[in-house]
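Okay, here we've got a single chain as structure tokens, the form predicted alone, with questions on binding and movement later.
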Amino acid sequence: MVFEQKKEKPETVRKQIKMSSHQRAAPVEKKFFTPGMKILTAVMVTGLGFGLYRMIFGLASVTNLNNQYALGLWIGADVATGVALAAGGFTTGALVYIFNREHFHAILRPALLTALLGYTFVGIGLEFDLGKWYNIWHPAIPFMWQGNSVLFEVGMCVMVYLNVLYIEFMPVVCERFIGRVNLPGMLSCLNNPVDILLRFLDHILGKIMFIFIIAGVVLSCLHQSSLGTLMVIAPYKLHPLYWSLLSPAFFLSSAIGVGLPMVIFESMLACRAFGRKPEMRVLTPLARIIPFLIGVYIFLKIGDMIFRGTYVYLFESSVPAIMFWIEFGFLTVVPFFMFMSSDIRRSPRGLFIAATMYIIGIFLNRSTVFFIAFKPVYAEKAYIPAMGEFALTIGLIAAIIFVYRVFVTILPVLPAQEENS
């Protein structure tokens, strides 16, 4: 969304449904390949190398997946967790535009970029997990639709929402390149047409952006909840602590709850990486909202356990029970109380720790649902992710960080440096 008002077109800015902010955004002027970025690039290339190997030689070459365990680390972590952690885009968008909380405009662009990259790499990660990865385009063809499948709804929503995210991000591109298009060599003849196109998009999107904002919120709620529906059909394969008819509500409420902590986490890391001061004047008020969101998830989870009587499994020595105490008892309930503390909300370190704990809790929750608490009836042995699965997952995370730095270096995503001093 647009932070900086364009003096040459004030009428366009006024019509962009308050898409500007009092805080100016600008590209980051920092050296790109720092020592840390060189290490990150090596990790990224190594991980993606495993991905290329998998594409050539098949799933069995780098994974421990089999006919009993078809959903492993790549679905639990790369896809399900990635979708949840990308919820910061629609939660922040709803907060700013639907609930009219203009004070949070400063974090909207970074949140939108994080969501855009998150969903982009969810699609990439899903492609690695598909047996016939070259058929990933099939859901886009109407005569190949399978409306009875939950995954069909998830795939369609994610596909459409990804396009919505790129459209929502387009004003940032327009702001950066309008009047500055300078294509090299033989492409220079396109400078004027591209500039005209950018101005047209900037003008049109300012009038219809509210449609994409509403669509983004609706689509996100649909597929976040539908991910929880996937395991509803497997009541005898999933541990009672993790199977419930309310799984769609669990997935949706926990994703909404993790959206704002993810924004805080990303903001803190960006400030650390680029030598800036944390924007506590924005993050502290934002943190006040988080206990209400996480509280809904905790209420639903505990209420479901009491109603179904599954609390009796809490004290068994099984791995799912232990994971429940870790991801819910420690990494969900504890951050809930931490966010309720005004002292922690005012502390950059405390706020970062609380956000990180809940993010890890969501990661462990999704991983537990999809392969730790999942036990097929005829499984010959337990599923343990292979080294190649871990390597590709870490490589994808490194790739997200790498591309994020590329975007903020080129485009006006983060607030200008003088606003953080």
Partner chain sequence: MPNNRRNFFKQLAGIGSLLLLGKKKKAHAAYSGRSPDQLGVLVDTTLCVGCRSCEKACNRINEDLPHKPSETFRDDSVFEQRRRMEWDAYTVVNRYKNQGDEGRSLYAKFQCMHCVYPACESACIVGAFTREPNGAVIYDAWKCIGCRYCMAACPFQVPAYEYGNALTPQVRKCTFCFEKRLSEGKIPACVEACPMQVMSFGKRNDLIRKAKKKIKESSDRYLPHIYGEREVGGTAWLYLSGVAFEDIDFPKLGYGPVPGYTEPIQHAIFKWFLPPLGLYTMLGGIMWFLNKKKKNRKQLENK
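Positions refer to the first chain, counted from 1. What you see is a predicted model, and the numbers here were worked out from it, not measured in a lab.
This protein has a second form, the form predicted together with the partner chain, left out of what is shown; the following refers to that one.
The partner chain in the predicted bound form: contacting segment from 169 to 177, 245 to 253, 337 to 345, 279 to 287, heavy atom within 4.5 Å: The contacting stretch is 245 to 253.
Can any non-hydrogen atom of Leu230 be found within 4.5 angstroms of the partner chain in the predicted bound form? Heavy-atom contact with the partner chain at 4.5 Å: present for Leu230.
Indicate whether Glu29 is a 4.5 Å heavy atom neighbour of the partner chain in the predicted bound form. Because no heavy atom of Glu29 falls inside 4.5 Å of the partner chain in the predicted bound form, the answer is no.
Using a 4.5 angstroms cut-off on non-hydrogen atoms, would Pro240 count as touching the partner chain in the predicted bound form? The answer is yes: Pro240 has a heavy atom within 4.5 Å of the partner chain.
At 4.5 Å between heavy atoms, is Ile98 in contact with the partner chain in the predicted bound form? Although the partner chain is absent here, Ile98 would touch it in the predicted bound form, with heavy atoms inside 4.5 Å.
Please pick, from Ile196, Leu190, Met144, Ile204, the one residue with any non-hydrogen atom lying within 4.5 angstroms of the partner chain in the predicted bound form. Flagged contact: Met144.
Contact residue in the predicted bound form, chosen from Leu364, Leu65, Ile372, Leu396 - any heavy atom within 4.5 Å of the partner chain: Only one option qualifies, and that one is Leu65.
Out of 143 to 176, which residues reach within 4.5 Å of the partner chain in the predicted bound form, heavy atoms considered? Phe143, Met144, Gln146, Gly147, Asn148, Ser149, Val150, Leu151, Phe152, Glu153 sit within 4.5 Å of the partner.
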